[in-house]
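The chain below stands alone and is given in C-alpha cells; this is the form predicted alone.
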Amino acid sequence: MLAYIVRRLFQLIIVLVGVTIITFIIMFAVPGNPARLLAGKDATPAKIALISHNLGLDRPLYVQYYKFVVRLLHGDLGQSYAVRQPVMQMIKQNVGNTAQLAVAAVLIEMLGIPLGVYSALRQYSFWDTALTTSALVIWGIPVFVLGVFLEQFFWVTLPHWVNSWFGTMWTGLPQTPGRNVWLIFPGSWTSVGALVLPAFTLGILEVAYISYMQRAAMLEVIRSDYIRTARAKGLSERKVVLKHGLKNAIIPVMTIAGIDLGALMGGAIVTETVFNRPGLGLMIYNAIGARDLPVVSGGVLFATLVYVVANLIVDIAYAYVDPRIRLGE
C-alpha cells in the first residue's frame, strides 16, 4: 500500500508539471495581448509596452514559466493581472461556493443508487425500461442546455412568488473576503435558493449515469453463486439484496461518486457560468476571457491537484472496502 501511495504521489507531481506547461502553451497560443486588454481601447503602443514590461510579458515563455515554477515552490501562485489580487486569495474566496455546489451535486447523484437497484431487481419490467430509457435520454443532455432550460422555466414561466426564491442565481452570490474556506453548508435560505438549481443541473445528469451503472453492477452481483447460496439458506430477499448484493454492487458506483466530487471541486465551469454563480469555475472562465494567465494557471493547477488527490483517496478507500483488491502489494 505504501509503495502504491508513493508511486501515485510521484505521478501527481508529473501531472501537475505537465498541466502547467500545457496551460502556458495554450494561453500564449491564443490570440490577444493581456497588456492591450488592461491598457484599454485607446491606449498608445508605448503604454501597452510599459504594461507588458511591468507584468513580465515581454520576456520569453520559458523565462515566465521558470519564474512561475519558482514562485510555486514557495507557495505563491502569483498575482492576477486584471484585479491585482494574489491568486491564492482569489481561490480561497471562491472554493467555498464550489465546495457547496460539488457536495450538493454528489448528494443528488446518490439518488441513482436506489433507482439502479430497483431497476435491476425488476429487470425487463415496465419500470426497468422506463428508468433505463429516461437515464439514457437525460445523460445525453448537455449541461448548459439543461441549465438554460431550468433558468427559463423557474425564472420566467413560474409565478413570481416561486422564482423570487431563486432570483439570487442571476445576480450571483456575495464574495466575502476572509470567508471560511471550509464553510460548505449554505448560511441562509438565500444561499440555499442560489444553490438548488445549479446543484440539480449537475446532479440530475449524474443520477442517470449512476443509476445505469448501479443497475449493471447489481445485475452482475445477483447472478453470482454466493447470492444463490444465500437464497438457498433461506435468507429473506431483503437481507440477500441489502447485505450481500448491494454491499458488493455499490463499490464501483461509490468510486465514480468520489471521482465526481473531486472533479466538481476543481470547478464546474459551465454550470457556474450559466447560473452566474461565484466559484472556481466562473473565476477560471472570466480569467480566460481576460487572458489573465496567473489566475488561469493557478486555478487549473488547483483543480488538477484536487482531482488527482480525490482519485488517490478513492483508490485507497477501494482497497479497504474490498479486501480482494491489492494496490501494488
Partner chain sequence: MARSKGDKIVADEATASDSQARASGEKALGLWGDTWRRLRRNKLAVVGMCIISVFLVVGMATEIANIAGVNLAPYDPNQVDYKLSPTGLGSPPSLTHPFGTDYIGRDIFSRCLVATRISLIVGVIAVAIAVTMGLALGPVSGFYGGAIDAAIMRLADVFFAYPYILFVLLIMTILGPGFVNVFLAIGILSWATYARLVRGQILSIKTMEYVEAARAQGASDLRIIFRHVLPNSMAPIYVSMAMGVGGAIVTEATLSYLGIGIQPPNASWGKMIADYVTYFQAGRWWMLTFPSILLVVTVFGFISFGNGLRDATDPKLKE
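Numbering follows the first chain given and starts at 1. Bear in mind that the values here come from a model prediction, so they are computed numbers and not experimental data.
One more form of this protein exists, namely the form predicted together with the partner chain; it is left out here, but the text below deals with it.
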Q: Could you tell me which one of V143, M254, V103, L121 places a heavy atom within 4.5 Å of the partner chain in the predicted complex?
A: V143
Q. Does any heavy atom of A29 come within 4.5 Å of a heavy atom of the partner chain in the predicted complex?
A. yes
Q.
At 4.5 Å between heavy atoms, is T133 in contact with the partner chain in the predicted complex?
A. yes
**Q.** the partner chain contact in the predicted complex: L77, any heavy atom under 4.5 Å
**A.** no
Q. So in the predicted complex, does any heavy atom of A317 sit within 4.5 Å of the partner chain?
A. no
Q | Heavy atom contact within 4.5 Å of the partner chain in the predicted complex, the stretch among 133-141, 241-249, 112-120, 67-75 | A | 133-141
Q. In sequence order, which positions of 213-229 have a non-hydrogen atom within 4.5 Å of the partner chain in the predicted complex?
A. M213, E220, R223
